[in-house]
Ligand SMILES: C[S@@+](CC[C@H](N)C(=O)[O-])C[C@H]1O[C@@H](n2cnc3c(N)ncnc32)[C@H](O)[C@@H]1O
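Just one chain follows, in the form predicted alone, and it is written as structure tokens.
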Amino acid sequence: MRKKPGQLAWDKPQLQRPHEQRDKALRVRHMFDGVASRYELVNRVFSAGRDAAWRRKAVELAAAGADDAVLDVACGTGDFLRAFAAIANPPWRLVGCDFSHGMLREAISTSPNRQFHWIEADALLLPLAPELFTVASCAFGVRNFQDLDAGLREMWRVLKVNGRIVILEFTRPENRLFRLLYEFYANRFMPWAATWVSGDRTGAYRYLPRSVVSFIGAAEMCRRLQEAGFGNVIAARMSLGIVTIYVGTKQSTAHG
């Protein structure tokens, strides 16, 4: 699927089952290339600025420090990696990886400091040797993987023993009333308003809320992390459950 800039990436048939599309990765890449320039603005506006706080909390739970080397997978515009860089004793190595050229271009322009390194690559096939990093992170990216389990295994592969994985992802609130209100906002108001703010023509802001409500829940994500080889897995819900932070540890070099 080769699409021109601004061409629709998602229409109604694909949106019914976004995670089952065989060409999901190509659609996601095209979509993010199309919204990269205003992606952070839209996130700030439609999360009421809470997305920055979520990232700070995830960095805190990752227990990152000066001795760490961090790989941020599906790094987008680099905002999660910048949150790691902003702590009192930042990691000595900060590497961001994304398969969207447009997103990486934004990351480089907003994070010019030499402490950052950028790689254009698919999360399912990282061009990196095993056991290079002590922290592997991903914010709002794992639900966009073509194959979730393959992506988690890749993150496990590049971690050293005792390295930590930290994932920040949207989830459906458990409270029924709040879930109904949240999903009305996410599925009705936000797609229209975010499309207007961003100038998007790819269907990104129809896909993104749909990708949340059709994605796996927190319990299933914890199980998938354990199956990928991570131990001590925890799930910390935030903002009444609309986001969850997952943390786990690589406990050995052998799995399965």
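Note that the structure is a prediction, hence the values are computed from the model and not measured. Numbering starts at 1 and runs along the sequence shown.
One more form of this protein, predicted in complex with the named molecule, exists but is not displayed; see below.
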Query raised in the report: Does A186 make contact with the named molecule in the model of the complex, using a 4.5 Å heavy atom cut-off?
Result: no
Query - in the model of the complex, A204 touching the named molecule (heavy atom, 4.5 Å) - result: no
Requested in this report: Find out whether any non-hydrogen atom of L128 is located within 4.5 angstroms of the named molecule in the model of the complex, and reply yes or no.
Outcome: no
Query - 4.5 Å heavy atom contact, V135 to the named molecule in the model of the complex - result: no
Report summary line: in the model of the complex, the residue from I165, A83, C75, L152 with a non-hydrogen atom within 4.5 Å of the named molecule is C75
**Report entry** Listed residue that, although the named molecule is not shown, lies within 4.5 Å of it in the model of the complex (heavy atoms), from L159, L94, A107, A139
**Finding:** A139
Query raised in the report: Any chance V28, Y39 and N43 all have a heavy atom within 4.5 Å of the named molecule in the model of the complex?
Result: yes
Query raised in the report: Only one of 215-223, 58-66, 192-200, 28-36 gets a heavy atom within 4.5 Å of the named molecule in the model of the complex; which is it?
Result: 28-36
Requested in this report: For the stretch 120-152, return the residues whose heavy atoms include at least one within 4.5 Å of the named molecule in the model of the complex, in the order they occur.
Outcome: A121, D122, A123, L124, A139, F140, G141, N144, F145
